[in-house]
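One chain comes next, on its own, written as structure tokens: the form predicted on its own.
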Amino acid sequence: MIKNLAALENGTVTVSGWVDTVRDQKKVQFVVLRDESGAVQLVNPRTTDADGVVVADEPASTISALSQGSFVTVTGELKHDERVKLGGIEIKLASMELVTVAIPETPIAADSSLDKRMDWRFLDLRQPKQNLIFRIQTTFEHALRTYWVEHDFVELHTPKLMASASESRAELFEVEYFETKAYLAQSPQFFKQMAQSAGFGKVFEVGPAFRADPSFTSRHATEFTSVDAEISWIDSHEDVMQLHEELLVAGFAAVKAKHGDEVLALFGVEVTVPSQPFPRIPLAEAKEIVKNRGYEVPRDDDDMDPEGERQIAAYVAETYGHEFVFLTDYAASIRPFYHMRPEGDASVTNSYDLIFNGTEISTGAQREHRIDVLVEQAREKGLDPEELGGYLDFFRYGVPTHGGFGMGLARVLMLMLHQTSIREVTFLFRGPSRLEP
């Protein structure tokens, strides 16, 4: 790998990679070769005859015909030279094997539109900046998984085909399933709760989720990766929030330690490990704060809107110097039937949304574990308990208090790297008008 060359002594080496740039000069040729680990400069002095005329020999002829993106394997003499700007090393070529030839006319450029780059995503991902995103994703997920495993969580792989709609038929993809219909799961919510009834105690899953939402915003997708956790024996949603922030601190610390310098160099962003505890603001209070800042949420329901999220995030940044804020105590009118409501106040729920840099990345809550209350709240939401029979059975044989959250992985990465769209941080994006590549 190119990244390993700097640690080697001067001598013969063989490397492979894509041709990034070629400078075909009269006396010397330069090629920048790139693989997934980095880039190195290749140098090939031209051969001239007695009259000073350049001779068309090898590898000079091959280099002159190289197109950007062609894949080559080269052998030559590695030399350390601090005058070389690209890593302080270069390779004097002895031979070059042209493995695959790229079409000279590249279909995308640095100024291509996002949609055009998505059409040619495999070429777009060759860029070091794009490559880094998915190394960051790997580090982040590994840190979360390490936390979970070290704290005795059980990893689940829940079904993505469901026999019935989880909460309602809204935003669900219906698919043919032999002689009947099935639905693509919006989340592993019900299965996570079944695990609590089964006695698993603490569970997590990182997997696909599907929403039939015809939205074209920068933060929505029809298929996305959901990060989910559920825990038993909680006293309130405060326990879930504490778990949530501990996970994020672990993830951000790992990314900063391993990739912080690269992120700063390629994205111009300083990765900040958030301090604990994260600020917590009840939703009603948050709306008043936003209103006092000159913005009144123009919604008919009791929810916060995107501009409200940006406004409360700005307030938190100014007041607490923090990129995260938990908005708590959401109204029961806009929360699912399985969210617990506090004793004495059925108008709100023991739930939260987590806002990161002005955008909601997660919803969490304490779940209702009492079967009679669940049935009543389902009916209140216009749901038929008969259609929820399999789910409600989880609660008929004893289940502990529990709660958890679901978090969109792409949104976290988008906001961490200050990108404008989750398309940039999704390997292959799926939306209302995109099913390829």
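Because the structure is predicted, anything quoted here is derived from the model rather than measured. Residues carry their position along the shown sequence, with the first being 1.
Keep in mind that the form predicted in complex with a further copy of the same chain is missing from the display, and what follows is about it.
Just one of 378 to 386, 45 to 53, 63 to 71, 24 to 32 has heavy atoms within 4.5 Å of a further copy of the same chain in the predicted complex; which?
Checking each option against the 4.5 Å cut-off leaves 63 to 71.
Is there a heavy atom of Gly87 lying 4.5 Å or less from a heavy atom of a further copy of the same chain in the predicted complex?
The answer is no: Gly87 has no heavy atom within 4.5 Å of a further copy of the same chain.
Could you tell me if Lys160 has a non-hydrogen atom within 4.5 Å of a further copy of the same chain in the predicted complex?
Answer yes; at least one heavy atom of Lys160 falls within 4.5 Å of a further copy of the same chain in the predicted complex.
Does a further copy of the same chain get within 4.5 angstroms of any non-hydrogen atom of His369 in the predicted complex?
Output for His369 is yes: heavy atoms within 4.5 Å of a further copy of the same chain.
Within a 4.5 Å heavy atom cut-off, is Asn357 in contact with a further copy of the same chain in the predicted complex?
Answer no; every heavy atom of Asn357 is more than 4.5 Å from a further copy of the same chain in the predicted complex.
Report the residue, out of Arg219, Lys256, Arg310, Arg121, that has at least one non-hydrogen atom within 4.5 angstroms of a further copy of the same chain in the predicted complex.
Here the answer is residue option Arg121.
Of the options Asp303, Glu323, Glu238, Asp213, which one has a non-hydrogen atom that comes within 4.5 Å of a further copy of the same chain in the predicted complex?
By the 4.5 Å heavy-atom cutoff, the listed residue in contact is Asp213.
Scan 1 to 26 and write down, in order along the chain, each residue with a heavy atom lying within 4.5 Å of a further copy of the same chain in the predicted complex.
In sequence order, Met1, Lys3, Ser16, Gly17, Trp18 come within 4.5 Å of the partner.
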